[in-house]
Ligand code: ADP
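As a starting point, one isolated chain is supplied in structure tokens, in the form predicted on its own.
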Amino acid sequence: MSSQTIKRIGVLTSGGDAPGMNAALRAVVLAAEHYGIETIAFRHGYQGLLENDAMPIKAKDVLHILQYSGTIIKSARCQRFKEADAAQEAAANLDSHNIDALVIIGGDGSFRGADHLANHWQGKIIGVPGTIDNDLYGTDMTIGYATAVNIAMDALDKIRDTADAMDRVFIVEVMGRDAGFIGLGSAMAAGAERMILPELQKEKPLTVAALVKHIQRVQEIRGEGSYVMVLSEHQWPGGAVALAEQLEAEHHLPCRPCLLGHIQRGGAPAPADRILASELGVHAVELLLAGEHRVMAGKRANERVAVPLPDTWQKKNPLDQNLLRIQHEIFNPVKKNRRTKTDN
């Protein structure tokens, strides 16, 4: 299929919602209309695609949605879509609407579904990275990550106030069970004393003894005060609640847990997410017009890129090693200054 034959595209949002998905949807619809292409939206992600829950969507429907979180065309998780017959049903539904190409806004699970669908459908498929986890290879930032970090930072700032007032340890649990980007970003932005991230746990799992030793050493150096820890979900048995109970019961540390949960997905998208979503939504449509297929519209080193869909989940998007170094060593009060008198 050449780009000249693309007259109608489909669009859906899939998986966990991310702030900025509406901005990405808006950009796809406006760009398509700019290039003379009709757009059909499928509600509730792949589930809606299987149920043929489709509706035409035009510029007038999306003009003023970029400031809203969530997704106006809804999202869902659909386990059945992994099956071959489900992809075949989806292909038949797309063909029934004479759709030439499909834009999928979501994360790695959504992209796996997109790649699976490509094996059973002749149209072109482009992914747009919408996930707060920032864990997709090939793009420096994913839509929703900046807002999630802002929300976590705001909560950590407020928790610091009450932790300081009572000289308490607080454990704040954030999203990111498989990737520590939110944990690292929010911990650094809010000045947390400790991070427990999936990447660090794989390298050297933290023990309660080591954690208690660090807390006590920080208190010795700084005096009485607060100690705030950021814990990525699923990185401790029982999560923040169990760890807090263990620290208080076994080591007599006044400790309180706080689970941020799904509030990290809500709220008005940050400017960075609105801008990124707008750029990548347009980029997705222009990739289709350029004949691209089975790729993600991304942005790397300030350049727009097209990343093969399998690369987005098969290759690793690493944490910034310099940020880890700064947070672990430079900002860690327990680490000694290794500079000598001869250093400049």
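Start at 1 and count along the sequence shown; that's the residue number. Fair warning: this is a prediction, and the values are worked out from it, not measured in the lab.
Just so it is clear, the following notes concern the form predicted together with adenosine-5'-diphosphate (ADP), a form of the same protein that is not shown.
A.B. asks: Determine which one of 106 to 114, 213 to 221, 158 to 166, 249 to 257 lies within 4.5 Å of adenosine-5'-diphosphate (ADP) in the predicted bound form, judging by heavy atom distances; exactly one does.
C.D. replies: Among the listed stretches, the partner-contacting one is 106 to 114.
A.B. asks: Only one of 74, 77, 120, 97 comes within 4.5 Å of adenosine-5'-diphosphate (ADP) in the predicted bound form by heavy atoms, so just point that one out.
C.D. replies: Exactly one listed residue reaches within 4.5 Å, namely 77.
A.B. asks: Would you check, heavy atoms only and a 4.5 Å threshold, whether residue 204 touches adenosine-5'-diphosphate (ADP) in the predicted bound form?
C.D. replies: Contact with adenosine-5'-diphosphate (ADP), no.
A.B. asks: If you check in the predicted bound form, is residue 181 within 4.5 Å of adenosine-5'-diphosphate (ADP), heavy atoms only?
C.D. replies: Contact check for residue 181: no, nothing within 4.5 Å of adenosine-5'-diphosphate (ADP) in the predicted bound form.
A.B. asks: Indicate whether residue 46 is a 4.5 Å heavy atom neighbour of adenosine-5'-diphosphate (ADP) in the predicted bound form.
C.D. replies: Judged by the heavy-atom cut-off of 4.5 Å, residue 46 is in contact with adenosine-5'-diphosphate (ADP) in the predicted bound form.
A.B. asks: Given that the partner is absent here, does residue 81 sit within 4.5 Å of adenosine-5'-diphosphate (ADP) in the predicted bound form, heavy atoms only?
C.D. replies: Heavy-atom contact with adenosine-5'-diphosphate (ADP) at 4.5 Å: present for residue 81.
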